[in-house]
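Only one chain is given next, in structure tokens, and it is the form predicted alone.
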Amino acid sequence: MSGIGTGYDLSATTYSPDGKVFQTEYAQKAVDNSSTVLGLRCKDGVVLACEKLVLSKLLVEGSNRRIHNIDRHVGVAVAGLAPDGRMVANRAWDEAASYKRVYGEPIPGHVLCERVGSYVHMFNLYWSLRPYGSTMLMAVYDKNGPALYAVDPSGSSLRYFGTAVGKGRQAAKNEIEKLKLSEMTCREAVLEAVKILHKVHDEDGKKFELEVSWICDETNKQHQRVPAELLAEAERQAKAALEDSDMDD
């Protein structure tokens, strides 16, 4: 009975006999079933990349953004339910603005990550609320250097060298583990990130578009979208690599 959540999944405040909070696990499932999002921390910055399925031929390209600016030195990518992710990103923006107003300097990455994690965790504590069905990857370049953080639906906040969330997370993580991130520039990482997303895409026949951003020395430590020509070149190389792989098979 407890294994399937019957009677114990009606509220985020109820533990099952196994010590699980099913509402939080359901929120995590929403992230696990979404499009793949990955982050790579390199020697000179951080790259964020998202896969977005094209749900309709009538959809304007670039709609339903999953990458957001929080401050000049912070950018985030969200996986899971896009509206939930947008709300968490808005909270991160508020926290960054509040810190700068009070202390007169940009918010450090670890402080912002902990504050957003505490905010998200609050939605796991009250019966009248539901957990956010989104995970946020946060790219930061502060006085301590570049860093990559993740905040999941439970409110856990972790720091990574590289990670992936969403439907293709495991295959993407396997590919990320093969990379020498400490020796790689962000320009090189953009090419690798796009290759990985093309490789792990498992919705055969469904069109998708990529959203990629970076924050690095080349952007003067400011979070920006990757230039269109670089993204186009990365997609060309990724498609060529896939075709070569198919021919070898």
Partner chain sequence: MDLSRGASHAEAAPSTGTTIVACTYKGGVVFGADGRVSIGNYIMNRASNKIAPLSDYIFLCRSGSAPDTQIISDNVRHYLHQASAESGEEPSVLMAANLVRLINYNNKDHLVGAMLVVGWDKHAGGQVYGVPISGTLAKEKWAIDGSGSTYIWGYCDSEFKEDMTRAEAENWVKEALALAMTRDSSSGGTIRMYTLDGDGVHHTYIPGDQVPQFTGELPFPNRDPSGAVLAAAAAREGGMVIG
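Positions refer to the first chain, counted from 1. Computed from a predicted structure; not experimentally measured.
Keep in mind that the form predicted together with the partner chain is not shown, yet the notes after this line are about it.
A.B. asks: Can you pick out, from 119, 93, 99, 160, the residue that has a heavy atom within 4.5 Å of the partner chain in the model of the complex?
C.D. replies: In short, 99.
A.B. asks: Select from the listed residues 171, 87, 111, 129 the one whose heavy atoms reach within 4.5 Å of the partner chain in the model of the complex.
C.D. replies: Residue within 4.5 Å of the partner: 111.
A.B. asks: Sort through 175-183, 102-110, 149-157, 72-80 and report the only stretch with a non-hydrogen atom within 4.5 Å of the partner chain in the model of the complex.
C.D. replies: Among the candidates, contact is made by 102-110.
A.B. asks: Indicate whether residue 115 is a 4.5 Å heavy atom neighbour of the partner chain in the model of the complex.
C.D. replies: Yes.
A.B. asks: Output the sequence-ordered list of residues from 173-188 with at least one heavy atom within 4.5 Å of the partner chain in the model of the complex.
C.D. replies: Sequence-ordered list is empty.
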